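Presented below, as structure tokens, is a lone chain in the form predicted alone.
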């Protein structure tokens, strides 16, 4: 395919142009370009507008016109800003126990929980982890996700976590999906670590992260702040040290108890993820900060617990990203569009708010400014659905699947284009 091409006509193009990073969004703020078209140049969006005008511009510039034969609605490629898709094994037994009324603690005491996945992931080879992750990345691409964050955190030893990050890097190099790696060795304190939680934190800071930087395996770090994981003091030391070392930060915060979101704010994290337990004080503090709240409705559905207070966060003036949290334990579904559609209805979000949460606001949570909108200069990641009305995408709650996906201007999936 030529590095410069014009594509159209789309029934609608949802550009996300002009929408702010923070705060509530109304339906009338959404730019909907009817009978639109785009020029794609060297992996970027060159122009967007009404099809007749774009066709004329393309002819003047001598560009090939790619004619769409069926009605498609184009939105920016989806960004899943929080996943754990590098893992081995299954936790179907945990899911059945939870569904039957067992608590998280009871399941863990019976040999399930994160530790079960840790044991299986430790036993898996780097090659096996890479292969299974590639399968999951292919599924994400088919569902319209063009950028995904992937965490380590299921090995909890220096060599095991490095193995995970190397597998994540290898899968990212082989996949068309852009993979953003995040270090999460501070997921829980491993049962076989002979020391305190703070001693484990110091072990990671001195033995693990220097190798991560030396091998350039990741630029982001995460920690799980909860009673069964790491407390506020341990988390502050971990995060402040890593920020000084040049890492971008994100935090598993306020999932079951509060306090983590304030640590995220104080330590300058890009995002605070989960927030199901956040109250009014946490909502207001997040709204007054530059931290991007990331809702993880997949975990709420998988655990049968409350959703992140998305409506209250937006009304308070905060940003809001939405991610799948795809993981083998609490969020096994792993379908971003389904998660976002259900969450939007549960929290009474406008469709522009849902769309923003899985495109440019999710990209911002990863520190990425050049994707998530279909406007001139942005990376040409496009997900298109066979319909004439963008509202159908969410009406079907994830069951209307993408008909075509373009990654950096290249058509990589073509079901109906």
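Quick caveat, the model's predicted, so the values are computed rather than measured. Residue numbers count along the first chain shown, from 1.
The following text describes the form predicted together with a small molecule, which does not appear among the structures shown.
For the small molecule in the model of the complex, the listed stretch (248-256, 202-210, 234-242, 261-269) containing residues with heavy atoms inside 4.5 Å is 248-256.
Looking at residue 341, you'd find every heavy atom of it more than 4.5 angstroms from the small molecule in the model of the complex.
The closest non-hydrogen atom of residue 325 lies within 4.5 Å of the small molecule in the model of the complex. Contact annotation for residue 114: at least one heavy atom lies within 4.5 Å of the small molecule in the model of the complex. At a distance threshold of 4.5 angstroms between non-hydrogen atoms, residue 230 is out of contact with the small molecule in the model of the complex. Of the candidates 334, 310, 329, 181, 329 is the one whose heavy atoms come within 4.5 Å of the small molecule in the model of the complex; the others do not. Remark: none of the three candidate residues (373, 401 and 407) comes within 4.5 Å of the small molecule in the model of the complex, counting heavy atoms only.
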